[in-house]
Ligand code: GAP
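Next up: a single chain in structure tokens, the form predicted on its own.
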């Protein structure tokens, strides 16, 4: 299946298409049509079911615009950049690392320093994709990906559209920990839009300027909290470790989660746990596991906050694309917000029994510090307190020196009034560590469509169909009256469609064209079951019946109308069509192409 085939189907059948076409289009923005919006919503619901409900986590919805101070604390102002090279001839800007990857055997140019990327551009005579002019000699520069905005009128507060949903969770941690009663571990999820001003959007839903993320932030005590690894220890996974990527003969490692954690291939048991959960979830929603792997980040491509990171990658149209990331973020995020913010980003960890400890303290004489240091007196006192906790021996001499705003300040030891006291402590404040599974919803949608795209032959005709899982498919069932000139059939079809919708199923009603063409239309959008109302189902003395056709095999069974909603709901929840066929028996019909 070529990428152009999927793109054409996606546009024609209403899955997704470029936005603002009436005004020439806007690169990096896509609209989900009726089929795509339903598919995307089902993916999100399946993710929420697995990573929020079944894990016992809680979900929030934070604003998408946040003040500049948030991103100064998080490091995004300084470290959220891509490599940009601008054409000196036409002025077009391009992702330098992407150009190198397209023109060379280098797979992860993003991990290379800018100078090395510049050299590769020159060595391989890489030209501007827009005009063909050589890019050799053009500088490769960092380009910050965040969209800037103003919050309020006049002397407004600078802000940014969030580049990830995670910061909305981290910023609200002081309140969220209260909802968790200050008890670790606990997890917070969020599904929503994020924004990155991509240099050169491409690949349909793969690299957008506005996209949807589904993220979980798992807050843990690194000393005591362990994941329930036994639940996924036997899950088989295909890993692509950093060592294998660096080796000339490196290959995949087919193993289990338990073995990979035990052998240190996956450094964090928490990351290993969520790789196992994700593997099972991807299988559930319909990712082809023969075209799926977990790849470990190389040292040069890890995010500024990540101690270790693995990507879930799928093969789409011959390329491996990242569809999720799993990072051990340590205490980076909460420590940064604790440093910059006005609230406490720690939790109180109560000891099993109180402890008596020695604590170094100071009680500076402000009547001396005030006249001597003026407005800096408070900062000097705070610096003395910090020094006492960090290095009590510094107060052994007659004077002690602290640094305030880069300047040394000398204080007499008796003015600092240093002492060591015995105190009883019931616990301590700790900064939790964070484990983050982060899923790209749009990329998952595109993967599912690519992996579900099939062609075969039915009744001598080639057909295209999407073999989507019933749970994920945009429409649960389609209802057809076999003909429209028989009121018995149309009346029953209307009633069946209404009853199925009342039961919570997404139903399409189609009475246009031959039954075969109607089947083909539903096959192409992935509708798993088609319900046909024919004369055999309304004639005779028995209960009214309909035929239920399964998309992938085109097999049909006849089901009583009164049992139809329950049977379809069971199929959507995971029951096999073969079991339905065993209960009711397959029927041979002549309506496939009638």
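This is a predicted model, so every value here is computed, not measured. Numbering follows the first chain given and starts at 1.
In what follows, reference is made to the form predicted together with the ligand, a form of this protein that is not presented.
Participant: Under a 4.5 Å heavy atom criterion, is residue 314 part of the interface with the ligand in the predicted bound form?
Facilitator: Judged by the heavy-atom cut-off of 4.5 Å, residue 314 is well away from the ligand in the predicted bound form.
Participant: Is the gap between residue 207 and the ligand in the predicted bound form 4.5 Å or less for some heavy atom pair?
Facilitator: Answer yes; at least one heavy atom of residue 207 falls within 4.5 Å of the ligand in the predicted bound form.
Participant: Is residue 443 close to the ligand in the predicted bound form, meaning a heavy atom pair under 4.5 Å apart or at it?
Facilitator: Looking in the predicted bound form, residue contacts with the ligand include residue 443, since a heavy atom lies within 4.5 Å.
Participant: Is residue 211 close to the ligand in the predicted bound form, meaning a heavy atom pair under 4.5 Å apart or at it?
Facilitator: Yes - in the predicted bound form, heavy atoms of residue 211 and the ligand come within 4.5 Å of each other.
Participant: Within 4.5 Å, heavy atoms only, one stretch in 386-394, 192-200, 135-143, 241-249 touches the ligand in the predicted bound form. Which?
Facilitator: It is the stretch 192-200.
Participant: Just to be sure I understand the contacts: of 376, 225, 164, 471, which is the one whose heavy atoms reach within 4.5 angstroms of the ligand in the predicted bound form?
Facilitator: In short, 164.
Participant: Just to be sure I understand the contacts: of 281, 439, 270, 294, which is the one whose heavy atoms reach within 4.5 angstroms of the ligand in the predicted bound form?
Facilitator: Spelling it out, the residue with a heavy atom inside the cut-off is 439.
Participant: Could you list which residues of 327-345 come within 4.5 Å of the ligand in the predicted bound form, counting heavy atoms only?
Facilitator: Residue within 4.5 Å: 329, and no other.
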